[in-house]
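Form predicted alone, single chain, as structure tokens, below.
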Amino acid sequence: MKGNKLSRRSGARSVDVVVIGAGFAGLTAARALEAQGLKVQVIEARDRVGGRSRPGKLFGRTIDTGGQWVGVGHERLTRLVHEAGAELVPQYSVGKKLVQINNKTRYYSGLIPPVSVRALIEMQFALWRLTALQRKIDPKVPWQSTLANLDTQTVADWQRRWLRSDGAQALFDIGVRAIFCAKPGQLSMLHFLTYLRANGSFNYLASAEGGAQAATVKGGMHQLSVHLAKKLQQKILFGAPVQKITQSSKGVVVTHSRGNIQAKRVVLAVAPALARKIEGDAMTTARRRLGERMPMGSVIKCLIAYKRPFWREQGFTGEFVSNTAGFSPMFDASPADGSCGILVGFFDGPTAVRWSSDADGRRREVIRSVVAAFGAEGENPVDYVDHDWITDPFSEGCYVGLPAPGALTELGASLRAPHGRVHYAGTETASEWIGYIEGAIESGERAAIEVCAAL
């Protein structure tokens, strides 16, 4: 849903609640608040709903250039799929997977790719160690954990201690980069464990079958945000970046690029890194500082189409990971009937930053990576599309905000705590399924409960 006549209207001038952000968190909060009889105005900076989910077209088909997967256990999102009359499609997983370490390519099945015996042993013990550590974390208050001291350590510090072989180091780097769109040296070990606990395990996050990449939505994820928006009573105000929030004993005034709106309460459903730019009484100094120290991950999502899924004919799933190819990880995103072949994948972390300013070069790198994985047939795509989330002005990266080392213990208590009449939502504020659409929905529900209790 894009703004047409909606984007030219100033919206309601006085409401019970203003929701800032029309992603899954904001739309969920707005819907829940309207269900309680409250008058709600959603304000969105973009010209569309969906936030970090985003539609696109490839070879005549609707695809996702933003969030697309539904993981096992994503119950809220699964209910929304069914409510919208959409269909879940299992991630294609028939055949062998490919791993490329230092330009040497091997095929495998299961979770851990084939490397040296020493690397396999190290990886397995490291995964067991992570599972034991994450159990000591409460994702709601990780800074209160007995492991809070780990906030001063990076994941790279932990990695150097427990993974010594080149093969194990390479596999771990690939996994961390794919999950967080950042290098291990950029991540707080406390946040890393919090994220694992909130999402099950490292294995879950890295897996398709039984994991976070278990299924997609036929017709695209974005249709679900459109479904939520159509259910709202008050039309969304598009193209209206919020500039200032002013609180008083009488209520809140939200100033945006096209006017002002008065309300009793505000739900700010925007990533902390972006929310911190709103002036006035939007948040405490601590939360503003947290936003400064919680940058988004770096990622460019790419999809490339072929006349047929030729990798399936070779016995491959389409899944490919590498520590040398730019376009990695990679998955099969072909339609269920195999009427054409589509591969989806990512430039992430430092690789994304490198290719962000070179659109033509990264298209060539995508093709080169496909050829390296699946052979010469990859040289002849019929269509290509990508979206650079780093340069998206209303995201500044994806998938999620990443607290720098030391930020959680110093400032984490401000992440979801209301500030006066302002409440916070967004997947970063979730206590389960952080970083996923499921977490965004959970956060929207929680924020709506807070607002109703306060009114």
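From a predicted model like this one, the values you see are computed outputs, not experimental measurements. One rule holds for the numbers: they count along the sequence shown, beginning at 1.
A second form of this protein, the form predicted in complex with another copy of the chain, is not displayed here; the remarks below concern that form.
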| query | finding |
| --- | --- |
| Residue stretch of 86-94, 370-378, 242-250, 182-190 approaching another copy of the chain in the predicted bound form, non-hydrogen atom distance within 4.5 Å | 182-190 |
| Candidate from G73, G297, G219, P139 lying within 4.5 Å of another copy of the chain in the predicted bound form - any heavy atom | G297 |
| Listed residue (P335, P114, G259, P350) with a non-hydrogen atom within 4.5 angstroms of another copy of the chain in the predicted bound form | P350 |
| Contact test in the predicted bound form: A404 vs another copy of the chain, heavy atoms, 4.5 Å | yes |
| Non-hydrogen atom contact I390 with another copy of the chain in the predicted bound form at 4.5 angstroms | yes |
| 4.5 Å heavy atom contact, A156 to another copy of the chain in the predicted bound form | yes |
| 4.5 Å heavy atom contact, G397 and another copy of the chain in the predicted bound form | yes |
| Residues of 124-155 having any heavy atom within 4.5 Å of another copy of the chain in the predicted bound form, listed in sequence order | N149, D151, T152, Q153, T154 |
